[in-house]
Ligand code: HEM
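Quick heads-up: it's one chain on its own, the form predicted alone, in structure tokens.
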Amino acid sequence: MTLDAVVAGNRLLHYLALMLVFGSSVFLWKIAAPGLRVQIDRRLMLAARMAALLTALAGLPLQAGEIVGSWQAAVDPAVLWKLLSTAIGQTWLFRVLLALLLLAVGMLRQPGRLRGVAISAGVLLASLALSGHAAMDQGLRGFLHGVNHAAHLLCGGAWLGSLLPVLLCLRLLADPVAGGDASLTLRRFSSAGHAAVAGVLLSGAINTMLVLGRWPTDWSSPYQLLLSLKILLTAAMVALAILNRYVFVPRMKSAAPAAIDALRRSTLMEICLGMAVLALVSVFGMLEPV
């Protein structure tokens, strides 16, 4: 396996872990009925928080190897120490500390734990805007680009990260005790999801204009080709979200079992498409944006 493939794989796992923690914690904190929070929370989160920390830790060695162009640099103390003194290293250290904070907050048993997890995960997710293409601009344009990219990450995390707890809610609909809370939670999510989807589309369009200055129509460029595929997959996710909200959810009253099955399949497809989008981002985020 090549070094670039490992770097891209680590980026993908980091994105997935952070978006799951952020989206799920926001879902449980703001959307889920109180009676469901413990049931859903205990099935999620710990593994994702650990994955977020481990992939963050791996970031600096992998980046060192990528810069030097060899696996040896990834474990060379002299190279790592030198990189640690740069802006790249300082950003990495800041993000590792945030990942440790996220892990620690998640282990608390206080009433405000979910809020703490959502906020710390959100800050860690938004901090991805400190590196990559959004960090290439300077001055006011650079600041606005970073803010917009952070908003794109947070909206994407709120959308994609909520879909797994949505699946768990669908499973609980048949439960005689938790079914009512699950139904209420799904109705709340159907309304709240509009904001996340709209935020992804608007901030994504702005990001494209800030990075390229135009739509990605030159498919001879690997960056523009992968970005175009991302836009296409995101459009498919939006279509599924609209289908879920305006076709399957209204049918749950009159044809519950069939509508629930259709909604479950559609949500699974949405998750798969979201993972494919993140895989593309993990790759073209390493390419020159031309």
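Keep in mind it's a predicted model, so treat the numbers as computed, not measured. We number the residues from 1 along the sequence you see.
The form predicted in complex with the named molecule is left out here; the points below concern that form.
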Indicate whether the candidate residues 211, 281 and 285 are all in contact with the named molecule in the predicted complex, with contact defined as any heavy atom within 4.5 Å. yes
Going by heavy atom distances of 4.5 angstroms or less, which of 63, 234, 221, 55 would be at the interface with the named molecule in the predicted complex? 234
Contacting member of 122, 116, 146, 204, with respect to the named molecule in the predicted complex [4.5 Å, heavy atom]: 204
Against the named molecule in the predicted complex, would residue 156 count as a contact residue? Criterion: heavy atoms within 4.5 Å. yes
Contact flag, residue 17 vs the named molecule in the predicted complex, heavy atom cut 4.5 Å: no
Does residue 13 reach the named molecule in the predicted complex, with heavy atoms at most 4.5 Å apart? no
Can you tell me if residue 182 lies within 4.5 angstroms of the named molecule in the predicted complex, counting non-hydrogen atoms only? no
Per-stretch contact check against the named molecule in the predicted complex, the hit in 156-164, 174-182, 75-83, 96-104 (non-hydrogen atom, 4.5 angstroms): 156-164
